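Given next, in structure tokens, is a single chain: the form predicted alone.
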Amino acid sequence: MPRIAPSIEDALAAVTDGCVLAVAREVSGVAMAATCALVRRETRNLHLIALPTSSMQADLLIGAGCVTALETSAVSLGEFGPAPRFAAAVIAGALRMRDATCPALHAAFQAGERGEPFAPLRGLIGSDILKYRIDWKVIDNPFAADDPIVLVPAIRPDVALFHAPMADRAGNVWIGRQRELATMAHAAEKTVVTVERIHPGDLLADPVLAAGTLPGFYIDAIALAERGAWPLPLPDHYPADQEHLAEYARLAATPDGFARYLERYVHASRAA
């Protein structure tokens, strides 16, 4: 049975220096409170994989020096512009970047959850990305002549990390419509989840909630974190804090500004 951890920091014990960490896209449930805890802990040398994109979460971890390798199809602050600490790290050569596409990442995680070594994918043929991903192999379709297809290796992260609306005492987690969170948990060796609240009943016994519930045997640890996705949104529960995201974009545009952001909004939480 997964642990209901006494704190976010305790739940994050599985996220060690150098591990492969999978995180969710902004509209699926991003564990931002846990992300700040990783920054405060000075976690290092993470290989971060976003399924399939990231925004402030990746930018914050990169700017804080937590990430040495990144695999994703995009990192952006959306309407607030490019992700500044990500862009600065790429330009400085401080980040091992593994460009991907959304379909390739979804296929690789799906192969990981099924225990298969790779996934075949056709849409990459003719793309320049194949020049840079030497681990993606183009082969001849064994069932047809003159029909190339790409094989992408399965992704099996050490840890998957995301935020969800609720969990119950048995460790079952309700993810609702965000089915890629289930794929992440199936593929990962361990899964850590922060939740808005603890549901008093059995989620799997509820005929309405069961279909959107991830069983507890896929979960390693759970921590309670009210508004744990803030300042990003938790779909169907609360929107993004647009004013705060604008402030982040402004401050993170420079190293000094980013340091002020960390001191004001991340490290200050240690004493809170």
Partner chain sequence: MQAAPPEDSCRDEELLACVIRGLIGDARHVAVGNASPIPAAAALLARAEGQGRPYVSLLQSRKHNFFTDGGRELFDCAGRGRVDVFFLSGAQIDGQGNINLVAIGDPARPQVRFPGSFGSAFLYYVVPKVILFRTEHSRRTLVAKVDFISAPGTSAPNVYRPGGPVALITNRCVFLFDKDKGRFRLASVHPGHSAAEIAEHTGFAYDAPETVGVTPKPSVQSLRLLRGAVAGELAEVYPQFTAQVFGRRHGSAS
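Keep in mind it's a predicted model, so treat the numbers as computed, not measured. Positions refer to the first chain, counted from 1.
Another form exists, predicted together with the partner chain; not displayed. Remarks below refer to it.
Engineer: In the predicted bound form, does every one of 74, 127 and 146 come within 4.5 Å of the partner chain, counting any heavy atom?
Structural biologist: Yes: 74, 127 and 146 each sit within 4.5 Å of the partner chain in the predicted bound form.
Engineer: Under a 4.5 Å heavy atom criterion, is residue 217 part of the interface with the partner chain in the predicted bound form?
Structural biologist: Yes, residue 217 sits close enough to the partner chain in the predicted bound form that at least one of its heavy atoms falls within 4.5 Å.
Engineer: Looking in the predicted bound form, any heavy atom of residue 193 within 4.5 Å of the partner chain?
Structural biologist: No, no contact at 4.5 Å.
Engineer: Looking in the predicted bound form, any heavy atom of residue 200 within 4.5 Å of the partner chain?
Structural biologist: So residue 200 does not count as contacting the partner chain.
Engineer: Answer yes if any heavy atom of residue 27 is within 4.5 Å of a heavy atom of the partner chain in the predicted bound form; otherwise answer no.
Structural biologist: Yes.
Engineer: Choose from 58 to 66, 206 to 214, 225 to 233, 38 to 46 the stretch whose residues reach within 4.5 Å of the partner chain in the predicted bound form, heavy atoms counted.
Structural biologist: After filtering at 4.5 Å, what remains is 206 to 214.
Engineer: Going by the partner chain in the predicted bound form, which residues of 148 to 184 come within 4.5 Å of it through any heavy atom?
Structural biologist: Heavy-atom contacts to the partner chain in the predicted bound form: 148, 156, 177, 178, 179, 180, 183.
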